[in-house]
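Here we start with a single chain on its own, the form predicted on its own, put down as structure tokens.
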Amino acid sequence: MKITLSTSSPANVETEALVAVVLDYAEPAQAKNNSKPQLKVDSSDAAVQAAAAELLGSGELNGKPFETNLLHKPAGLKAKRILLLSGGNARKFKSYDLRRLAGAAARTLKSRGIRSFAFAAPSSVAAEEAARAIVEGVHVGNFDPDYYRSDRKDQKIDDLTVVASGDKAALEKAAHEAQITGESQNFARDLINEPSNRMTPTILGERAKKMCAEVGLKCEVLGPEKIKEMKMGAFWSVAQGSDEPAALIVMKYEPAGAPEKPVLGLVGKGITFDTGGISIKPADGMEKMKYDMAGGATMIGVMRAIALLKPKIKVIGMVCATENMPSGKAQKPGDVQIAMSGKSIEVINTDAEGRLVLADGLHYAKQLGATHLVDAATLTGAVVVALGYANAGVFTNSDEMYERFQRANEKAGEKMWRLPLDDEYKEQIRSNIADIMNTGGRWGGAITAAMFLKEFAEETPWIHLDIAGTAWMEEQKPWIAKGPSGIALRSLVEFVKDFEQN
């Protein structure tokens, strides 16, 4: 997608469609009394306000978020159309909402065959922040997952113009960085979307190597013999049941001039298909388990973004990729495995496999020099019980690291919520015959899974992101298609940048 930055007045921009944000400026007391909304275009351009005035004053609109109206040949504007998108209450409107409106604009217009448009940045959001949100949001809205439909329509946005006032160089920088992030998020979504017969661990490794070659990253893909040689017993215990070879993908970003420390280690779960193993899952909905490598895909996408953004900080990206299959070679409930760290693990449930591969990934990242760790994984159904499909779960052993991540998360506009990691939960994963068990029972399942991983992060500052409920959109939304979301990529990119800046 071509991105252009314009500092002209919105009325003077020649485009197929000009998108403008409409907000409800009614006072809270008025809203409670169900009085009519007070709708106004969030723009300082008088011509844009005038073009929308008759419709907004008609009383026909409710002003609820994502209410959409398309006007043709708007008077006083050079645009062929104006798309009015409601952002809801003006007091609550933020860049988070703007990002979603930008996605909705892309999806609305491309469904009508419109391939280029301009988006007038609302005056209520700081200009650079608005430019970033618009570009990222349009990229999210531009993605569709229907690759294999023979009747697929070629509907996409090719050109976006962001219309904003302010320092043009700063705005262009914000838009350029947002484009890199948006493209990297869609790159990750592309990996997640592929069915498992077209995204095996081997293919995932090949895609990672190709990407790394394109952007200048070091990449090494280690196969089954090397995994066994390094005594990654937890990782190999999952891989041993599949005929598809496992792959340990290691990507390194080592920019000139970066300090020796810190070194960030980003570890992703890469289960390219999860049957549950011997503890097999129900058939209903199992087809979705191609997405169980979303954490790994996210880390590959993050490495792409930072290679192009070029922060002065060393980063190691790692993906532990395998299938989890039932076979005569598969591990069984009750087996004891020895992890790379030397810890012994009693396997209670073979469907709790993600934490096993991550255990060895976290330990190996430390061996490679990582001083700070982040893992991302579609790890537990329990996090969906706790937080639903709206928030990802965040766990950490470091308040300082969490504060950094929270800043990045807020800037990225992704919903996440910190959950506890108290020592009491460790009792649930104690084993009678080994050091720990790979499950802690039904209660607090997302927490005990994180507590398991904490055993391998040890004293290294570490964050665990459980994205099981947010990595896949269960239904289509106005701003995003049903399917892979690319959650956590934007937050992790901002997190890496925050480490460089602070």
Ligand code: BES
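Computed from a prediction, not measured in an experiment: that's the story for all the values here. Residue indices: 1-based, along the sequence shown.
This protein has a second form, the form predicted in complex with the named molecule, left out of what is shown; the following refers to that one.
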| field | Sole residue of A239, A208, A102, L379 within 4.5 Å of the named molecule in the predicted bound form, by heavy atom | value | L379
| Between the options M289, M230, I114, C219, which residue brings a heavy atom to within 4.5 Å of the named molecule in the predicted bound form? | M289
| said: Only one of 349-357, 72-80, 417-425, 298-306 has heavy atoms within 4.5 Å of the named molecule in the predicted bound form; I'd like to know which. | reply: 349-357
| task | Would you check whether the named molecule, in the predicted bound form, lies within 4.5 angstroms of a non-hydrogen atom from each of D274, T439 and A468? | result | yes
| message | Even though the partner isn't displayed, in the predicted bound form is K269 close enough to the named molecule, meaning a heavy atom within 4.5 Å? | response | yes
| request: State yes or no: in the predicted bound form, is some non-hydrogen atom of K281 no more than 4.5 angstroms from a non-hydrogen atom of the named molecule? | output: yes
